[in-house]
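One chain comes next, on its own, written as structure tokens: the form predicted alone.
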């Protein structure tokens, strides 16, 4: 009798343990890696499209351009970095090799590089210059290495995957620690008229092994995702999760609307990166000197990217001297000043949010500023190390003996920035709705700026 009872007990215990483990697996949320968390904190960085296209007035080079076309007369990577810092950027990414196959460093796996040009008598290395400048100026470095190569004779053959793997290894071991590796989704024909079948699984392993702290960008990650447009903006609702099953890098991605919003129940942590150029084109064109985005336009883009939980990568193409043009520089410096002025003093600093509510999925928090304060910018931050759970929120102020709504929105993620008509209040109330049974508010910060 005892033996039978013990058997039934063990059977029941095994069943309920398995059920609990399975239930836990079903409710588990995707979490960012340490590298992704550091990437989120980078927020905003510059993109440098630079190469033969700079001198031929092209956007996509053909790969047949003579190496001597690349001829900057006064390259100054410190100037690039100094302007990036004044703009508020924390890092830079450069097109080490664009689709034309030209390498901005003397790669041993190509004969279409700075080594074959007359620039610096073939002794130049733009990546070395930029890497050293980033270290001097305290900026992070990222590299763009286009898988497409319109010059390399082995492109379109299995051997090219070896070439690309070796080239990638060369980059990831030669220029210090990287914060991002950028893979473009373009995949066209090479000089032999063939397209390449890329071995991205192999490339991902190389990246993970050699640069474990770097986040890999592409339309479907694996580190961060494309935002679905090149306007630098994101939907107000932005989940950092996405399902990529059934898609192949460079051969198809989820619909742009899905990339814009992410997926609330997506299986992978794949935050959005918003890309945009300060000019109509991505490479420098003299005729676009008068078409540089204004500081106010850049600030609006910032609010609709970083202010919606994404990262912003802003392209600023060096000119034919190898410098950031005066028009771009002036806009960036003024934009940076606007950023610093807007977020100069947090009126909520030192004041805690007091939370209440019996429903863990719908909580209310009140913050008392101690005196009447005027503010027009609200910044909310979620503790994304624990995942993303906030579905929506409402902000109210205590006015004339009752609560008055002043703002509402959907997701928060790493950061949510809201701008409104200036209001005055001493007490602010947050009503936060989170996803999933048993989940609690993961809001970790509220900032208020005048």
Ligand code: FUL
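Residue numbers count along the first chain shown, from 1. What you see is a predicted model; the values in this text were computed from it and never measured.
Here the subject shifts to the form predicted in complex with beta-L-fucopyranose (FUL), a form of this protein not shown in this document.
Listed residues 50, 39, 70, 47 were compared with beta-L-fucopyranose (FUL) in the predicted bound form; 47 is the one with a heavy atom within 4.5 Å. Of the listed positions (282, 175, 299, 200), a single one reaches within 4.5 angstroms of beta-L-fucopyranose (FUL) by any non-hydrogen atom in the predicted bound form, namely 282. At a distance threshold of 4.5 angstroms between non-hydrogen atoms, residue 182 is in contact with beta-L-fucopyranose (FUL) in the predicted bound form. At a distance threshold of 4.5 angstroms between non-hydrogen atoms, residue 60 is in contact with beta-L-fucopyranose (FUL) in the predicted bound form. Under a 4.5 angstroms non-hydrogen atom cutoff, beta-L-fucopyranose (FUL) in the predicted bound form has residue 275 among its neighbouring residues. beta-L-fucopyranose (FUL) in the predicted bound form comes within 4.5 Å of no heavy atom belonging to residue 120. In short, of 98-106, 291-299, 337-345, 266-274 it is 98-106 that has heavy atoms within 4.5 Å of beta-L-fucopyranose (FUL) in the predicted bound form.
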